[in-house]
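A lone chain, given as structure tokens: the form predicted alone.
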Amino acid sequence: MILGKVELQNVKVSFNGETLLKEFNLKIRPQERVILIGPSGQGKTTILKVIGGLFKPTSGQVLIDDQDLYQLREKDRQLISRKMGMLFQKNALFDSLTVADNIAFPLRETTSFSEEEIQNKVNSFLTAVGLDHVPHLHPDKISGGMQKRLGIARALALDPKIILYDDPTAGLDPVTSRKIIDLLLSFQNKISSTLIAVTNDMARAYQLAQRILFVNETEVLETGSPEQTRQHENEKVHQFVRGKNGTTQKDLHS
């Protein structure tokens, strides 16, 4: 059985009486790469949290591999959640732990691996993300790009079948951003996972996506493949992908 299927059925999200997301449906196939774009503050991260079990929708169902996430017992929901890894926008690293121990933390907390097995896995990830030369440093002693790579390694430590990335290149320069996306694609291919990410960087969205969703004014609109999104007829989509920060079509292919 191929794992990593995500389905949202008639999902609506409200908070304090205000509608954050109108009712919408979404199906994501195992091993698919789906990117959420749109203006800031419109609900993209909320969708990630709903899928990740961190924010219960007001109505509707969230199915992870055909299991209704929010109808499960807490113990069973935790088992489903362990299939998922999430990289938060601010990385959510533990400042009091070293680089190596940040990666080891979820392994120690949720698996029965021996310490030797954990260290072997940590060393493998450190090498994979290019941090094997700084295992004993703390997060505040490494660069922003290195912190992002550390966050990715920790999110992937449990070999999740669904990976959620909240703006994985936020605050990074274009060269570092491109390298981070290359790293995400490499890992996704290696572990055959489903990838769902939020970004406002259209160049990186086009680099990463198989399918794109535009989230704006409480609505979720599927715009299709990167090429279909570039040519989309919806005026708001058109303005967003062509006009943000003066971006041109040439820039979006970089």
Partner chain sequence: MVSTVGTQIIYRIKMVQDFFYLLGQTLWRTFSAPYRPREIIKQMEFVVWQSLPVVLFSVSSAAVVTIIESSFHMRLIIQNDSLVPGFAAMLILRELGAVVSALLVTSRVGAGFAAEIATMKITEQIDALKMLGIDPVRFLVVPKFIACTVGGFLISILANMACLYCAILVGKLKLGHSFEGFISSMGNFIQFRDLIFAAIKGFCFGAVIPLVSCFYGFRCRSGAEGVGLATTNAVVTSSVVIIIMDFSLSWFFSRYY
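Everything numeric here is computed off the predicted structure, so don't read it as measured data. Numbering follows the first chain given and starts at 1.
Separately, the form predicted together with its partner chain exists; it is not shown, and the next lines address it.
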| said: Check L158 for me: does it contact its partner chain in the model of the complex (non-hydrogen atoms, 4.5 angstroms)? | reply: yes
| request: State yes or no: in the model of the complex, is some non-hydrogen atom of L185 no more than 4.5 angstroms from a non-hydrogen atom of its partner chain? | output: no
| message | So in the model of the complex, is its partner chain close enough to H138 to count as touching (4.5 Å, heavy atoms)? | response | no
| L126: heavy atom within 4.5 Å of its partner chain in the model of the complex? | no
| Since exactly one of P226, G38, G52, P57 fits, which has a heavy atom within 4.5 Å of its partner chain in the model of the complex? | G52
| So which of I118, I180, L172, L93 gets a non-hydrogen atom within 4.5 Å of its partner chain in the model of the complex? | L93
| Quick one: which of 141 to 149, 172 to 180, 109 to 117, 128 to 136 gets within 4.5 Å of its partner chain in the model of the complex, going by heavy atoms? | 109 to 117
| query | Taking its partner chain in the model of the complex, which residues of 151 to 182 have any heavy atom within 4.5 Å of it? | reply | R154, L158, L164
